[in-house]
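Just one chain is shown here, as structure tokens, and it is the form predicted on its own.
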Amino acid sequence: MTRKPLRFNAFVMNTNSHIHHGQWQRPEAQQTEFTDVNTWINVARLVEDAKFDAMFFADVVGHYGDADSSYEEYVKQGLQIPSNDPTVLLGALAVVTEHIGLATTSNVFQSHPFQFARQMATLDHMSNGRIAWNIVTGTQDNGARNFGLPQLTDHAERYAWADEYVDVLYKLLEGSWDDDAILKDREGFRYSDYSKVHKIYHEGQRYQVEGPLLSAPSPQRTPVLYQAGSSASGRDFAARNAEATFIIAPSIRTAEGLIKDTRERAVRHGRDAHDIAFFQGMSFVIGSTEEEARAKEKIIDENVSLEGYAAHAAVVDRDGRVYPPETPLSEVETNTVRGFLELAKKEITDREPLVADLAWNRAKANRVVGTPEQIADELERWQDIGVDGINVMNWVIPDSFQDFADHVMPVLRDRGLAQSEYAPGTLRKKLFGHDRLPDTHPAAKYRGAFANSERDPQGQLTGASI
């Protein structure tokens, strides 16, 4: 069977403790030095040499847990606090790399869409078209309060907000400038053609944006669009907008269902079912033998912070204190992780499940342990149900990525499961074969839509073909 290459992202965060809590205590862990730009330059060069497709930066804009309660545990563990802005960091990485994609996460309420569109266009110019955006709507009340909101808006309302947000971006990035607007005509003293630069006059529930975008079209115009929501609203938003979806499904069967449902939704929205690529999050423990891999896993487990995983899952009491690991789940009162609680209760039937069981479930989720050949076998099984790529989640930086690059990637290449060289062009070209969003994407309707737009004396928009 001939297989097509899987795509690989290095899944990271500009912080001390991202997904796997407690591992930063290990002496070889360099994520403690996340404020040093050289930490990230070294990782970027490592994964680019290994022919990863992208570095994917997660982000949050507030601490986890109840906004009105203690956040001591998060600060103590360095659990996504402190953290630095990944979008700023991409500017540095863009100029020390040549091929690898650079993806940032930005919440729809943390940056005005005009400002964000300008940032994305600037980074896309700097990187020669290698920028991606992970669209998120927020999960922390504290994050919402940091931007003047009393709390997170209702889940469905957050996606309505995201709909308008991306609509403004599409208008600015796809419709504000014609492709041939830039002239650089020295003799005629015209840098740009005024007739081909347009105001968008957006007026919506949350935003009023006149335009035009100050940045001229970048190589991709719109960054590659990632999205990570798995709820019904999230899947529907992805079906309309996303080019790549990040999932952390607990099983192949669950992933298959999520992928099938989202692809069907995409078709209902007028897109091709395969316009969206699916990336599964996984962590790897690699050994030359299975025994060696299990020995490495033992070191990982010895450094697991059960309190860290419980805090990340928001298994906290009304005062924000993390429930002790020995607490029975029947005594846990929470509105944030009911699904995880029910799962733990179903898995453990011979005794009362504890907070420690829930934490261990999180620590071991999506963990693949074995030889490079065994790992390749497992990845083939995920590809067979529709997974297009893997978000490689590290234990320690940079060793987790170095081990994967040195030992797993060669086996994957031998099986046709990983690329040997980068294709030329933009990130979108590398991933999907074209530089621009396809005509089936909702952003495409704004191309040329504002060529004759203007305001009449009553302030009404005229001439726009939308």
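Since the model is a prediction, treat every value here as computed from it, not as a measurement. Heads up: residue numbers just count along the shown sequence, starting at 1.
One more form of this protein should be noted, the form predicted in complex with another copy of the chain, which is absent from this view; the next part is about it.
Student: Would you mind picking out the stretch of 151-159, 265-273, 175-183, 285-293 that comes within 4.5 angstroms of another copy of the chain in the predicted bound form, counting non-hydrogen atoms?
Tutor: Contact-bearing stretch, as computed: 175-183.
Student: Looking at 373, 164, 85, 261 here, can you tell me which has any non-hydrogen atom within 4.5 angstroms of another copy of the chain in the predicted bound form?
Tutor: Selected option: 85.
Student: Under a 4.5 angstroms heavy atom criterion, identify the one residue in 231, 139, 122, 254 near another copy of the chain in the predicted bound form.
Tutor: So the residue touching another copy of the chain in the predicted bound form, by this definition, is 122.
Student: Please determine whether residue 59 contacts another copy of the chain in the predicted bound form, using a 4.5 Å cut-off between heavy atoms.
Tutor: Close contact exists here: in the predicted bound form, residue 59 approaches another copy of the chain to within 4.5 Å, heavy atoms only.
Student: Taking the shortest heavy atom distance, is residue 405 within 4.5 Å of another copy of the chain in the predicted bound form?
Tutor: The answer is no: residue 405 has no heavy atom within 4.5 Å of another copy of the chain.
Student: I'd like to know if residue 362 sits close to another copy of the chain in the predicted bound form, meaning any non-hydrogen atom pair within 4.5 angstroms.
Tutor: Result no; residue 362 lies far from another copy of the chain in the predicted bound form.
Student: Quick one: does residue 430 come within 4.5 Å of another copy of the chain in the predicted bound form, counting heavy atoms only?
Tutor: Because no heavy atom of residue 430 falls inside 4.5 Å of another copy of the chain in the predicted bound form, the answer is no.
Student: With the partner left out here, if you bring back another copy of the chain in the predicted bound form, are 35, 192 and 214 all within 4.5 Å of it by some heavy atom?
Tutor: Looking in the predicted bound form, the three residues 35, 192 and 214 all sit within 4.5 Å of another copy of the chain (heavy atoms).
Student: So which bits of 130-150 sit within 4.5 Å of another copy of the chain in the predicted bound form, heavy atoms only?
Tutor: Contacts from 130-150: 142, 145, 146, 147, 148.
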